[in-house]
Structures are given as C-alpha cells and as structure tokens.
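First comes one chain, alone, set out as structure tokens in the form predicted alone.
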C-alpha cells in the first residue's frame, strides 16, 4: 500500500527517480576523475539553465541563504549604496544580510501581495547612485513575481548592477541572464532545479566579476569568498582536481542528472509547463472562491500559489485535513499575514496530475471544515485551464 503523501510545498519538492538514484549511489572521492568530470559538466550546464554563456557558475554546499550571502559578501564593501526592490520576507532578508556587510540600504516597497512599479524603482535610481540593486524574482512568502527583464533594463540605464534572488524561480520561470542584462542570479537546489536540499547555486556575469575584482577590501565572509572558490570552479571545469572545502559529492552527482533532464526538456518548454501548472492551480483555487495573496493576477508566480483561507475556516485545521487527504501544503510565512493564507508549490517534477490531486485534496479539506462549495468545481477548473 502506498504509504506516503504528495509533497506540494514551495520547496523542498518531489524529485525525479533518476535524481534520487544518483543521490543514493556510492560516494566517490571528491578528487576522483569521474566526479571531477561530473562537477565540470554541472558547471557548464548551469550556464545554459541560467541563460548566461559568459557567466561564472558557483556550486557550494549550503542553502539558498548561502547563495544570497555569496552575492552580498563578494559584491558589498562598507559604504556601498544598495537598492532593495522589496516584495516580501526574502527581500527583507536580503536587506538585513547586506547591512551586515556595511551597505547603505534604500528600499522601494509595495503593499503585501504587490510589487513596486518600474516607475517607482526608476525614481529611486534617479535619486542616488547605487552600486547594485537586489530583486526577488519570486518571493516564496507571497507568491509574487517581479518583472526582472524590466528591472534589469533600468539597472543598465542607471549603470547599476542587478542581483536576482531566483531561489523560487530558476528553472521554472523565464530567466535570460545575458539577454536581459542580469549580473548575478542565484538559487537553491531543492526547488525548480529539482535536487534535494544542500546546494547553493549562483552564476555571476562579467560585470559582477569585474566589480568583485575591483574590491579594495577583503571579503568579510571566509567560506563564501569567491577568492577561495573561483580557482576550484575553474579547475573542475578544466577537469582538474582542486581543493578548498570538501564538496557534497552525491548532491553534485544528482545535480548533474537534474540539469541534464532540464536541458533535455528544453528551457522554453519547461517555462511553458510551469506557466501551465501555475495557471491551472490558480484557476482551480479561484473556482473554489478562495482569494490569493498577489494583488493582481499578473503578479502571481507560476512556480507556486498563495491562496487565502476562506472566511470561517481555521487554517491549521484545513492544512491538517488536506494532509489527511494525501497532500502536504505549507502554511503562511510573511509576518504580516502569516495566519491568513497557505502556500502550494508546483515546480520541478510536478505535473498536471499532481496539481489535480492537490486541488482535490483541498476540496476534501474544505468540505471537512464545513466550507460550502460545489464539489469538483476546483478540479474541473484546473483541468480546463491547463494548456501546455
């Protein structure tokens, strides 16, 4: 008998069997030629997934927060002015992180569920000279997606570097680093990249690497310092063993398998599939009469959905009932509305059947909580709006 639930949170996600098989394989030496070949291939594949053929990829043991820390530590010197485009909890985290490194932070904010307009961001860029600005592509706390392409064009116009937190977007949402002029993009393994937690992934473009090389003070983070890691990445890509810190061998084997699967699917097809999944899930939620955190439909991400609890339904009870129906979802994260909403992830290995099962479990949970609606309407709407 199947004795497990379907994991549909916005990370960690469900993983492909081949990825898990690679993770469970024998652990090799981190200097073994076969592993160095795999590591080098993973670095090359990262450039394709991120859309940055001239970028420098980094693969480190750590979480998405470490990837943010890498960007902040290596680009920031005390007194640097940084603009934070704030769309939620993880934008707040980036601001706090940068302040630790001595940055002078200016923020442009929006109401919870909103995003600053391009005009609002441009007004800030006009008001001062910033070394770089940070953008959260999809804030996992709100399900809000930003216009990275438009923001990157502004950054170029005002000679400002742009750093994109793509933890909940890379390999799910459209991202074309080189074409759009994005200088740094970062993510974590456990979301749309499709590998169990434990890898911090980052690609730095030429302008970001040039800014790093112009530093006049040491990087204030020993582990994250590109001075240590750049020779390792370059050596592995040249298929030569090198050492600074022991890499997570099995996770990198698994990463290379997943990156290969992503590229075999094709980036355009993968983005289209995630858009279709997002549309199906959000239309299913809408058909059930539930509101959503993003204030406008075009603000809603395609890798996750953030529905609001209906009036009269206890959130904790609903999530427990949904779990009893076979699906695990996540509660709220944004401090201002934590108890008002829940979160659904639909990225990476997720397919339409997973979304339909999730909407069905939500219907079962809502009915158990006494919410009045027409049974089956959510599943039908999700199926009807899925167009890949």
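Residue numbers count along the first chain shown, from 1. This is a predicted model, so every value here is computed, not measured.
The same protein has a further form, the form predicted in complex with a small molecule, not shown here; the description that follows concerns it.
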query: Every residue of 270, 277 and 355 near the small molecule in the predicted complex, heavy atom within 4.5 Å; finding: no
query: Segment that reaches the small molecule in the predicted complex - one of 86 to 94, 284 to 292, 145 to 153, 101 to 109, heavy atoms within 4.5 Å; finding: 86 to 94
query: Exercise: residue 138 in contact with the small molecule in the predicted complex, heavy atom 4.5 Å; finding: yes
query: 4.5 Å heavy atom contact, residue 68 to the small molecule in the predicted complex; finding: yes
query: Residue 208, heavy atom within 4.5 angstroms of the small molecule in the predicted complex; finding: no
query: Touches the small molecule in the predicted complex: residue 348 (any heavy atom, 4.5 Å); finding: no
query: In the predicted complex, the one of 168, 75, 162, 236 near the small molecule [non-hydrogen atom within 4.5 angstroms]; finding: 168
query: Option touching the small molecule, based on a heavy atom within 4.5 Å in the predicted complex, out of 188, 133, 252, 203; finding: 188
